[in-house]
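The chain that follows stands alone, in the form predicted alone, written as structure tokens.
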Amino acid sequence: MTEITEEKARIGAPSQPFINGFTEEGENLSPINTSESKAPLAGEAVKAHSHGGGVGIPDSSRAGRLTSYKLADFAPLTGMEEDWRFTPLKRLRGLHSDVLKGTAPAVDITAPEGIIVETVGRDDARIGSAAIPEDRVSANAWENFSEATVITVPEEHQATGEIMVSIEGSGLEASAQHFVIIAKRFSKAVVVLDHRGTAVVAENVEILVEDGAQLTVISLQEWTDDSVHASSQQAKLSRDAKFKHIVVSLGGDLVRLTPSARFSGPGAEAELFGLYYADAGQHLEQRLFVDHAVPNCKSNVLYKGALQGRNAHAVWVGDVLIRKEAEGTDTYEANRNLVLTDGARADSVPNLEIETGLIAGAGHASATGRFDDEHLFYLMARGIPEKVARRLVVRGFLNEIISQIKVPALEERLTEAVERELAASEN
């Protein structure tokens, strides 16, 4: 027996009625649509099921989905595919259809002592060790990149500072880029991928976290307003590995990220966090996949977004697959959206696919809404002006993600960026 439901949250015309109104501590949402689900615990009878998008669609399951290094194995996109139904294909500027012959954004790396940084050709044996393209854009990037940047954290090495990877675009000709990040056994490091400038780029990031390693990867997108960025960031986690992935998307015309975490050894843990702030006309899309394929692993996903302006559009799709071999899994995913002005839209689709009932726990939640008027009134009644009160609410809503970065200079920079966005909404 297979149960498939779809859970989405959308904001449309201001005349839409509010339903399921509530205030969640620290978030202050009055949702238009909320959903929450918890799977049976170990010992309770359960059959494979899926919550989320893909009603009646054959490829709704993540198990056995097509992966290939060859572009020809992926059919041309029509926009009707489940993975692309929210993406405006015309705004991809050929990343899904053209030869990517433009110059890739420039890469400059500042790394602490002991970190190995290399530029290698396509034939390097480490390329493909952690990822295989899952969609047409990723495969197109794979076929068209000319060289890759490989960052290696040696075995048992603990980096004394962040590995800063500056990725600076300088043109709008479609291009391809490739990174490989390897954390060797029992190592520890933080890698920051800092995307800036102007670019149209399809990017693959392979992340290999070996036994007992601890790795944090932070991906910042602060592109110019005319940029397009599609990035597949796939992580493979070995036994007892700990991986934290943080996405912050602020700039760009269209930014589409597809992070994934795949467990290849028991005892591993993955945390995936995200923050996005969509302005008028901007399309920010995040599609996540967590693949529990081995026993006794943990995952936690939390993405938060704010939207303002006409035709601002945010998409979050979270897929968690618990395979039949993954007994003892403990997983949870949540997405929260705060709409600041009329005319914005948020699509939020949590998917939970379970093939075994012998798990510690599994659940998901989604909420989208506007400001809680009662909370604003509470602040204003204590002498806080309305504009200041609104800023405090948004700042508190997003700070939970910013505080996960644990790099003071970056946290300060992103807090200032959010303040600039808020100031723009008041004009």
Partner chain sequence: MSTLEIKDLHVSIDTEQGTKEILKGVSLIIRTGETHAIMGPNGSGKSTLASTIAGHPRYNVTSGSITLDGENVLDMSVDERARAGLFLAMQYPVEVPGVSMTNFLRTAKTAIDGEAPKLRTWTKDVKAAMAQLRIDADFTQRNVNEGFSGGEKKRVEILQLELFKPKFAILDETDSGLDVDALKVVSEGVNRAHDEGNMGTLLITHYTRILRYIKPDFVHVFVEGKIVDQGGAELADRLEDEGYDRYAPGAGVAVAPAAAAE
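On a predicted model such as this, the values are computed, not experimentally measured, just so you know. Basically, rigid core = biggest C-alpha set you can superpose within 1.5 Å across the two forms. Numbering follows the first chain given and starts at 1.
There is also a form predicted together with the partner chain; it is not shown, and the following applies to it.
- Met380 is the sole member of Leu66, Met380, Leu358, Ala63 with a non-hydrogen atom within 4.5 Å of the partner chain in the predicted bound form.
- Contact check for Gly363: every heavy atom lies farther than 4.5 Å from the partner chain in the predicted bound form.
- Under a 4.5 angstroms non-hydrogen atom cutoff, the partner chain in the predicted bound form lacks Ile402 among its neighbouring residues.
- Residue contact with the partner chain in the predicted bound form: Leu338 places a heavy atom within 4.5 Å of it.
- Across the proposed site, Pro88, Arg93 and Arg136 without exception lack any heavy atom within 4.5 Å of the partner chain in the predicted bound form.
- Looking at 393 to 418, the residues that come within 4.5 Å of the partner chain in the predicted bound form, counting any heavy atom, are Val393, Gly396, Phe397.
- Core-aligned CA deviation for Tyr69 between the shown form and the other one: less than 2 Å.
- The rigid-core alignment places the CA of His375 2 Å or more apart between the shown form and the other one.
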